[in-house]
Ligand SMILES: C[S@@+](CC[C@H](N)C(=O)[O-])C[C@H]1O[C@@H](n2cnc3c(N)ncnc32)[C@H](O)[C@@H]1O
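Here we start with a single chain on its own, the form predicted alone, put down as structure tokens.
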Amino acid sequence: MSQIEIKNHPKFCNVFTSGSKEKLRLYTRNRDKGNRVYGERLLEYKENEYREWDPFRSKLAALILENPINNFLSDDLSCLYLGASSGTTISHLSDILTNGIIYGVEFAERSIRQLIQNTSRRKNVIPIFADARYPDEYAKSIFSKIDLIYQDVSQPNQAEIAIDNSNYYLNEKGLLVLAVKSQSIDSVQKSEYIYAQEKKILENRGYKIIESINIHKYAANHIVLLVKKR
């Protein structure tokens, strides 16, 4: 039994915290009890097992620690995750979306193998081996309209990928959460210039940026945009 007191996050569904505001730690309740995905710490508290959520390994955790205004999580969301990698963040989303479903798109063969292995006991995760640049190619694997698109891809055309997938899958009232990595777009230009470019592309294609969150202290040269259709 952990001596650490774990509490409900005041804003986000199925996210838990410990520590002071200045040293806040995040957790999710482990859907796959007894198993780790990326070496994270497991804690027992009041007959539940929790997994510590590392913001240096997950941009979604970093975003939550930066306290965005908008509460974009509920337990019944249908989520399309672009750039699922080996399953670090998607496993925590699996813990959170207890009545929802997550379609995890990954193109790298090694990563998709790890993703399948890491989520095989998580019945709300559907790994998809596909290229996020071509959303129509994995339409047969997606069985519901999407409430939330989360994108974390290291590609030069990050905004265009997000737009194409949002146009194809996202509910009219759905939300796009886009992690922008400036170094993947242009390693020479200043990050602020790249961020402004990506925002402009989104806005010119009919999307509204409702929040822009800097997560540099957890992930260098990254911001996260919360975006809706106009």
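In this text, all values refer to a predicted model and were calculated from it rather than measured experimentally. In this text, residue numbers run from 1 along the sequence as written.
Form predicted in complex with this ligand: not shown, discussed below.
Highlighted residues 59, 133 and 153: every one comes within 4.5 Å of this ligand in the predicted complex, counting any heavy atom. Note on the partner interface in the predicted complex: the residue among 105, 79, 73, 125 having a heavy atom within 4.5 angstroms of this ligand is 105.
With a 4.5 Å cutoff on heavy atoms, residue 88 counts as touching this ligand in the predicted complex. Contact with this ligand in the predicted complex, judged as any non-hydrogen atom within 4.5 angstroms, is confined among 139-147, 94-102, 116-124, 153-161 to 153-161.
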